[in-house]
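Only one chain is shown below, in structure tokens, and it's the form predicted alone.
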């Protein structure tokens, strides 16, 4: 089957579960906000700055990759900066055909200029609301849910978990931990996860990207994660090939598939971080064929120079996937969202299925 063109994919309805707010800024916005707060950038030319972010993320140097976030986070320390970034995020995703998105960020990283945690959340929520309203007026409606992230190397996860629950009826739909996996296992934050479970609140955990199967096992069996952020290393527990008919799932992989635990796979980002060698060799192909609950995501749109449409186009080209596979991925994501069941079902039945019905002919 011929690959679906990127321009054809853009209007298709999409659901996105793993997108970092501080990884998706417009380069021109970074330049303007940096000037306003006096932050020095590698370049003040927006086009060159966008290229710098991708090159730094592609460098294979963890130090350079982390430096990219130092620049985006630096311009997200004021109410005005946070509001603008969130508003533009909603507009950019809606323009790319995303009808539902869960966008995550770490409130604790935005306190350098005196904001409180609540002021950070209020500013971001207001920005998303403004962006969604403008997108709807433009004929590209989007629903945005917020995930609040705690940094796994820090000690504020309980505080951020309580913040998440406090805002559960005001736009926040889930919780996450992020940051370096090696040396910072999710079990360090067990109190926060146990609290969230007692509060009947949803959470995902970054696991199985930079670190292997033990991080996935801990995230699920110790911490009770609803979803796995990345989870790409689950293939380490799978042997054989579908073509060869000799696939064997280990106990952990079988459990994840049997329980329908969603995998928040981010193909382009996984390549940049070394979790996968190329799109064609990305484990998403095998995981799709074995019918895991696979979803496709952007992770950091700025650093990867990507979008949901681009990720889908790359997968279509690499694996020969057509509209049926793209619809399957989209419905998987919507089934796995952290909003109530009836709201998920309404988006699937009223937006996603009709949208793909037109494309499938």
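Since we're looking at a predicted model, the values are computed, not measured. Numbering follows the first chain given and starts at 1.
The discussion below concerns the form predicted in complex with a small molecule, not included here.
Contact with the small molecule in the predicted complex, defined as a heavy atom within 4.5 Å, holds for exactly one of 35, 48, 66, 324, namely 66. Contact annotation for residue 204: none of its heavy atoms lies within 4.5 Å of the small molecule in the predicted complex. Contact annotation: residue 20 falls within 4.5 Å of the small molecule in the predicted complex, judged by heavy atom distances. Contact annotation for residue 247: none of its heavy atoms lies within 4.5 Å of the small molecule in the predicted complex. The shortest heavy atom separation between residue 109 and the small molecule in the predicted complex is within 4.5 Å. For the marked spot (104, 151 and 300), a heavy atom within 4.5 Å of the small molecule in the predicted complex is present in each of the three residues.
Of the candidate stretches 125 to 133, 91 to 99, 172 to 180, 219 to 227, only 172 to 180 has residues whose heavy atoms lie within 4.5 Å of the small molecule in the predicted complex.
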